[in-house]
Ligand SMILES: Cc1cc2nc3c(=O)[nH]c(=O)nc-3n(C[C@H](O)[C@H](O)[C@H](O)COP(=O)(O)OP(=O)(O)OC[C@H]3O[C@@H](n4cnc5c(N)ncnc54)[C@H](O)[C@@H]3O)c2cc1C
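Below, in structure tokens: the form predicted alone, a single chain.
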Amino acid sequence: MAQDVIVVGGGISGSTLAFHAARAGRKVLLLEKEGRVGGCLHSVRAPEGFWFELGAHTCYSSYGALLEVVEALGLRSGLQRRAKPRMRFLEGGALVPGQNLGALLRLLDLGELLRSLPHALGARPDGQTVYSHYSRMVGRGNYGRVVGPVLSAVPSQSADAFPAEMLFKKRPRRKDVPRSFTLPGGLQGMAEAAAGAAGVTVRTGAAARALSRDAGGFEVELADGSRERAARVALAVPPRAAAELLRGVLPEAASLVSRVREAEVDSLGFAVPAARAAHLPPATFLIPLEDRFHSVVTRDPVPDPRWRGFTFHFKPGLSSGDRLRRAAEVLGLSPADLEAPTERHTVLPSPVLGHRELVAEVDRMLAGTPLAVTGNWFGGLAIEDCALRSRAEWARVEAGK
């Protein structure tokens, strides 16, 4: 065989697993159906070296598994500090005065919040949905008007049915790296560096169509009719795609994985000359209380004197033109002011209660096989959850467990 390991999917999950395999001395073939690696790490390099993010936008000093890869790739010295977050709200298309906690308290019904306080004391998220957990803490009215939209802005989809323990996690922080950081050219650079590690060969535009196994190992059939073989395979693709590939080797696991719900997000990002956006106060996030988008994420925490960057994460159903017009309207700009507009359609996992048990059963079926399955739909959607899963899956497959 020309390679020891085939990794299907070049997002942060696939690229970090490929890195760990290559560091262990394995020859790795990384297959990515898109024309670039990165997946949900999608940094658009726009005018004059300016960049903005269409997907994930920041990493934290608590991301230990990711930092292990960052340091091994020699990227640590280039980490770029992000400014403290500024969360602002949009009500009826207008900015609410203030930011962060001050703006939040301005929007909440404080009487309802005080009446809910006894329920918040000692409340635990285990076995609760995001809605059931947080609506008890702040009151149903406050949740529906304000807190629900805030929590849904995190995964860019309605978070009401999410298992509450998956949304936020406490992790130990490292004091020797910035609390919040990115790379000079955006987070996609992490996936690019991992996929570019010695021992990794990357094929973009290579969509996997089927997976089979015989006594000699695994065979991956690609959409163009070509085939690749290896003793070990890792699937680092969304649940629906993973289920399709698993049908040929572990049909029962495929059936389980197909039960993981998914949500669709249409993101629109663009750059704006700083002078044209001078009327907009600096922000990290703009969160609408009710609109056709979940959030607006900006480049403001990594300021540039010439440009500002904005990415709207829209709910599905709008046309490209409608998204462009709505974004310009919200920001008080003309569509002509939006430079390098770039769109991305993303399919994200949308887990519900019982997800942890489902994953445990999938892991039981994978045990003892040279097949790894990773992605942002196991322990959580955060970049660190992806890095942790990929590291653990490679260690399991390498050890033959």
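Numbering starts at 1 and follows the sequence shown. Just so it is clear, the model here is predicted, and its values are computed rather than measured.
There is another form of the same protein, the form predicted together with the named molecule; it is not shown, and what comes next is about it.
Single option in V330, A241, V96, V147 placed near the named molecule in the model of the complex, where near means a heavy atom within 4.5 Å: Contact with the named molecule in the model of the complex is made by A241 alone.
Find the only residue in L371, A46, L67, L348 having a heavy atom within 4.5 Å of the named molecule in the model of the complex. Going through each option in turn, the one that passes is L348.
Residue-level contact is defined here as any heavy atom of the residue lying within 4.5 Å of the named molecule in the model of the complex; does E34 satisfy this criterion? E34: contacts the named molecule in the model of the complex.
Would W51 show up as a contact with the named molecule in the model of the complex if we use heavy atoms at 4.5 Å? No, no contact at 4.5 Å.
May I ask you to check whether A382 falls inside a 4.5 Å heavy atom distance of the named molecule in the model of the complex? Output for A382 is yes: heavy atoms within 4.5 Å of the named molecule.
Are any of the heavy atoms in V5 no more than 4.5 Å from a heavy atom of the named molecule in the model of the complex? Contact with the named molecule, no.
In the model of the complex, which of the stretches 83-91, 96-104, 231-239, 162-170 has residues with heavy atoms within 4.5 Å of the named molecule? That would be stretch 231-239.
Can you tell me which bits of 10-37 touch the named molecule in the model of the complex, meaning any heavy atom within 4.5 Å? Those in contact are G10, G11, I12, S13, G14, L31, E32, K33, E34.
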